[in-house]
Each structure stands twice: as structure tokens, then as C-alpha cells.
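Given next, in C-alpha cells, is a single chain: the form predicted alone.
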């Protein structure tokens, strides 16, 4: 498959009565930056889930980083895949500092019974520097702002030294300035670490302009894919979101500002 690192073939995924993916096929090349866009309930998160070795297929096949996904190899796959979700509410009393939280990203490689060594802490400190959080390394994780917590989540993801970088609505619930900062950080990481990046969002203003390809999803199907210039037209997005063209233009203007 040469430079293809993700190959999804006619994937069908169902949660009880709800069909989340309806025969989805997708190929992603090494080093690509793919934005996955669509309204809530489109199947975007489920798509990331099967790439991450967590989803259960009703039918179809998923090939990631050299192996077809089976019920027995999901754990080994997840060692190679970094995943960042939305900001979670963290109890301020949580007895862990920033540096300790980022170290959690190493345990998938170490195994729970092995203690981290000097190299592991060096990787943690490198990732904290990359996301601009070295100065808060000893701060309790629950004492950070939402944007700072998301930077820590990204550092924890990178501490496992993944080959794939998956982001599921990473700017949701953040304020406007924090959203801009996270989008710029994601682009920096993609470029500097030479990762293959999949970025899910339902909000056009949160779609990184660095994406070289977009996948439009609706009702469990891939509705379109290609370059942002060709796909992200007012008419296409109006149909995708069931919104008037005027409303789409307003959201696109926000994206331009970001």
C-alpha cells in the first residue's frame, strides 16, 4: 500500500439500533493533514474510534499502520496512535501535577508495572516544552484553564511518540483565544513531528486552515472528500449542514478570522 497508512474498506458500525457508519471507505496517506467535518451525529467520532482500534465492526475492514484491525490487536495498535478529545472537567483536588499527567502517555509503551526512567522523563519534558507548558510543570492539573489543560492533553498524547495524531473536537468549549492557540499548536506539531493528522470538528470556524484534505460526513456516510478549496464551498456546506447559504457565509467568515 506504499505510503497509505489508513485504509478503511466499507466499514459498518452500529450502536444498538443506531447505525453510526454506513459502509464508509477512506484512505489516508502518510503525513497527511485531514479535516473531518460534519454536523453532530454524522459519524465523525466513530471514524476516529475505528482508526484507534476501539470500534467494533459489523462488516468491512480497517487497515492501520501495516495491520488489519482484529479483536486481538487493538491494544498494540493504540501504542502507535495518539488521541486527543474535548477538554474534560477536572476536579481541582486531583492529586496530580502537569508533569505527572503527561507521563501517563508513556505507560502504554512502558507497561503498568515498569517505572519510568530518565529517558521517559526527558520525553515528557520535551513535549511540555513543545506545547509551551514547561513553566507550569509542577502546577496541579485541576488548577489550569481549559486551554492549558488541552495543551497538557496534547503533550500527554505526544509523550507516547505516536505515528498517528487524532483530534476529536479539541477546541470545543474553549474560548476564542484558546481555540486559535490550539489550532496553531496543532499545525506546529503536525509540521515539526511529521505526523499523520486527523482533525474532527463540527464547527467550521475550528477547522485548521493547514488541512490539505477534507472529508465531509453526514448521517454515517462520507458525503464528499478532496481539497478544502474544492469542497468547502458555500453551496456544499449549506447542503451538508441544512443551513441557508447566508448562515454558512457568516460561519466561514469566522473561520477566516481564526
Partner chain sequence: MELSIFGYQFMQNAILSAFLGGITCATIGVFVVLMHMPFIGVCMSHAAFAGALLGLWLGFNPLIGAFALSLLSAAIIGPLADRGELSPETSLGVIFSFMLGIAFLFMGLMPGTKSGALELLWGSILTNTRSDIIFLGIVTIVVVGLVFVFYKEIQATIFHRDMARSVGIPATVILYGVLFLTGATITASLRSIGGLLIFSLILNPAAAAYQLTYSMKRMFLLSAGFGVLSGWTGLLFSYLFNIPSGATIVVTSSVVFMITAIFSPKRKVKGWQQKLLVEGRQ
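These figures come from a predicted structure and were not determined experimentally. Positions refer to the first chain, counted from 1.
Below, we refer to the form predicted together with the partner chain, which is not included among the displayed structures.
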Identify whether the partner chain in the predicted complex is within 4.5 Å of every residue in the set 54, 92 and 111, based on non-hydrogen atoms. yes
Proximity of residue 165 to the partner chain in the predicted complex, heavy atoms at 4.5 Å: no
Although the partner chain is absent from this view, report whether residue 127 comes within 4.5 Å of it in the predicted complex, heavy atoms only. no
Can you tell me if residue 71 lies within 4.5 angstroms of the partner chain in the predicted complex, counting non-hydrogen atoms only? no
Given that the partner is absent here, does residue 100 sit within 4.5 Å of the partner chain in the predicted complex, heavy atoms only? yes
Out of the stretches listed (171 to 179, 184 to 192, 127 to 135, 102 to 110), which one is close to the partner chain in the predicted complex, meaning heavy atoms within 4.5 Å? 102 to 110
Which residues from 137 to 170 come close to the partner chain in the predicted complex, meaning a heavy atom within 4.5 Å? 139, 140, 141, 143, 156, 160
